[in-house]
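The chain below stands alone and is given as structure tokens, in the form predicted alone.
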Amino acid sequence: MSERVVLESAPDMVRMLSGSMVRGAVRKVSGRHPQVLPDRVVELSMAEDAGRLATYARVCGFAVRDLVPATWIHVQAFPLQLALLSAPDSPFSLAGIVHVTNSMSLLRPVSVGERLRLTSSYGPPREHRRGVLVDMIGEAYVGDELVWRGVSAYLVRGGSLPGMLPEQQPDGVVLPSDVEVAADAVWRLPAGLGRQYAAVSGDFNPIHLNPLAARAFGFPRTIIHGMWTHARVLAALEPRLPDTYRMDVRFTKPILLPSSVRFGAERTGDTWTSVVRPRSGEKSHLVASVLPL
């Protein structure tokens, strides 16, 4: 049976990130690190913060209303992912982990006033040509009712774990790396957008905030959080979506700040396909699919 850890409050993400980086540096020198994913579920119950949600809506382009977007629930569950990934018995350091796909299902509308019970756990690790894919499974309950479920896949470059599933094992996100969709709008992303999103999401990864840190990881400038782009796409589509839906996203290329990007969406049957790409028309930054449940 999985170990269950019930948190009294949301963990400090800055402290978890810095602690994980220190442990990663020590492990790199010693050459020793855990070889298996912990069998653990992290749980947190929390009330919605209406003020923080309103700021999130403004930063990401949502209309302020009584119902919360699916990506907002991910923001609240994200610290639980970090609690697992940054634990001393985690095989990986958070430094250099890349968020490659995200899938979330809003199983019923969730209102601002509802209290959520959030959980996060590991899925089975999967092979990848560049290392190992680690799935983080999140769930949100109101009482005993499951209202939201998300799966975030992270790539650990050069990593390996015993008993990994084959790379072709489906991860719930079946999307190409690029699609042809006519542009509907141009979004201008200011240099300080990463700091704005970090302030409301709590994700203070320095590659989104500090040019020097970004260059240390191979980026010429800071990059915007992938989950901001995910949320911005959902905000553009939300007025046309049903009450329950599933959204799959593939992150393909980071967006440098400042920059301008093109957004396009088209509907085929009940499914919306969206793409965010540079204004120059080069390879996409993000491809998304949204379908009703």
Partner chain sequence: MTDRTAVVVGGNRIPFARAHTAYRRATNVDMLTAAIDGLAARYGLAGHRVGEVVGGAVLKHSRDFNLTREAVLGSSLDAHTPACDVQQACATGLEATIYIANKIRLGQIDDGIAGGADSVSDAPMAVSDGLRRALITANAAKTLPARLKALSAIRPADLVPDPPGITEPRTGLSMGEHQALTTTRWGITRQAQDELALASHLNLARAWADGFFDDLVTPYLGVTKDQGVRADSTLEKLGALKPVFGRGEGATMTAGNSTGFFDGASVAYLADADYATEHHLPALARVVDVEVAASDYTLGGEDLLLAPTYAIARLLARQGLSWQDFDYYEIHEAFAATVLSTLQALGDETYCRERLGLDSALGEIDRSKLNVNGSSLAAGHPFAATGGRIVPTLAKLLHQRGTVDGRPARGLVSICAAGGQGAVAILEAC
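Bear in mind the structure is a predicted one, so any value in this text is a computation, not a measurement. Numbering follows the first chain given and starts at 1.
Note that the form predicted in complex with its partner chain isn't included here; everything after this is about it.
K.L.:
Checking a candidate spot here: are P211, A214 and L256 all in contact with its partner chain in the model of the complex (at least one heavy atom each within 4.5 Å)?
P.N.:
Not one of the three qualifies.
K.L.:
Exactly one residue in V26, V64, V36, A47 has a non-hydrogen atom within 4.5 Å of its partner chain in the model of the complex; which is it?
P.N.:
Contact check passes for V64.
K.L.:
Test of understanding: in the model of the complex, would V112 fall inside 4.5 Å of its partner chain by heavy atoms?
P.N.:
Residue-level check for V112: yes, a contact with its partner chain.
K.L.:
Does any part of T244 reach within 4.5 Å of its partner chain in the model of the complex? Heavy atoms only, please.
P.N.:
Judged by the heavy-atom cut-off of 4.5 Å, T244 is well away from its partner chain in the model of the complex.
K.L.:
Can you tell me whether R58 touches its partner chain? I mean in the model of the complex, with a 4.5 angstroms heavy atom cut-off.
P.N.:
Yes, R58 lies within 4.5 Å of its partner chain in the model of the complex.
K.L.:
Please pick out the stretch from 247-255, 65-73, 223-231, 36-44 that is in contact with its partner chain in the model of the complex, where contact means heavy atoms within 4.5 Å.
P.N.:
Comparing against its partner chain in the model of the complex, the contact stretch is 65-73.
K.L.:
Could you run down 229-267 and flag each residue that has a heavy atom within 4.5 Å of its partner chain in the model of the complex?
P.N.:
Result: P239, R240.
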